[in-house]
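The chain that follows stands alone, in the form predicted on its own, written as structure tokens.
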Amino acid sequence: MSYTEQMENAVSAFRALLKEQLDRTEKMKNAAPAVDYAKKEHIRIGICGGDGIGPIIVREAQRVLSFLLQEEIEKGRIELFEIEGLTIENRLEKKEPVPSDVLAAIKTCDVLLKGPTTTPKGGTMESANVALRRELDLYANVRPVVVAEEGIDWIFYRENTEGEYVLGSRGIEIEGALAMDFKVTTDLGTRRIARAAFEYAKNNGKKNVAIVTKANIMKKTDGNFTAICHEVAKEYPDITAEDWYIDIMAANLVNPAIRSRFEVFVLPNLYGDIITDEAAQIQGGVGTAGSANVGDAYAMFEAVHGSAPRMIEEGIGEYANPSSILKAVEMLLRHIALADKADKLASAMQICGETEKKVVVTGDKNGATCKEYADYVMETLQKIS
């Protein structure tokens, strides 16, 4: 096929993508208001193991969750609903990032506790996470990072449904000449992630929101993101909004002289993906960090790290650290208006991971197993009034 013919095909494909994204903005305009979980009589929590070490760590997280919610489960207010089929094998067989029957089951739930999922390298199959964020409109990826002894108390609001990832598997290629991917920034999508960040700051006594982009280079997408964030900031006169470029902010986070001054961050999808892993490493590694993916109708909670296929191949999956998925459980509990349960788990995690350290997971056979650590957490929970 000639370059000219390929160009015509590319233009046609791009026109379809533009229409699709404009249609998506119309759906945002008509979205239902956010769920008020404090008033909800029945909450269904989906439990989805994923693949690799996912089923192992989620199994232990489910045990801890069941322990904390025993009374609510017995009364029927909360239901734990196990969902099978989000494995890499099933996704490849069905040729779907999230098989349709699995997605239908997920949509019967209010919130989802999800294990890591493997994304195939190459090919056209997109990430299960990207597909779920789009299908459930989980527009806010929220990741807290705390290092108390260094004065670090950060929370990141990463836009979750746009940027480079929304069309990441649907770029254009002129064979033998070039390839192009697309970055999408909508006004409505930016406005709602900005408002989520500033609302968090207002409700939690934070005085600074860092808007992190590369607006000096990506003048249309990042430029609009920055401008809209500042429009939203005008509604919060007691909060300072600061502009930072992503490369400088990456350096700031490893600079002890400045990093403790930051509080809340709001940033586009790709930058947020990268810099939150850096922040988690400062906290103690990606194995210590939980992640929330929040929309108005649904929410998904997961570990920051991946599925660790190497650990499965080496037969040491049972030695995976469940701390990250347990942090996600804490965030899930806060989301469904059970802050007292979340506080108990946070206290237990601090005792187990920082104060006592009677059971230590190292990720190999020299340390404790995932189950042993979960047992330790539950024993500690019993001691907390």
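All of these numbers come straight from a predicted model, not from anything done at the bench. Numbering starts at 1 and follows the sequence shown.
From this point on, the text means the form predicted together with nicotinamide-adenine-dinucleotide, which you will not see here.
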| property | result |
| --- | --- |
| Interface membership of T118, nicotinamide-adenine-dinucleotide in the predicted complex, 4.5 Å heavy atom rule | yes |
| In the predicted complex, H305 touching nicotinamide-adenine-dinucleotide (heavy atom, 4.5 Å) | yes |
| Distance check, N129 to nicotinamide-adenine-dinucleotide in the predicted complex, heavy atom within 4.5 Å | yes |
| Heavy atom of M125 within 4.5 Å of nicotinamide-adenine-dinucleotide in the predicted complex | no |
| Heavy atom distance at most 4.5 Å to nicotinamide-adenine-dinucleotide in the predicted complex, all of V58, G284 and K327 | no |
| Listed range touching nicotinamide-adenine-dinucleotide, judged in the predicted complex by heavy atoms within 4.5 Å, from 148-156, 225-233, 203-211, 108-116 | 108-116 |
| One residue of G295, P309, G85, G168 in contact with nicotinamide-adenine-dinucleotide, assessed in the predicted complex (non-hydrogen atom, 4.5 angstroms) | P309 |
| Sequence-ordered list of residues in 63-94 near nicotinamide-adenine-dinucleotide in the predicted complex, where near means a heavy atom within 4.5 Å | none |
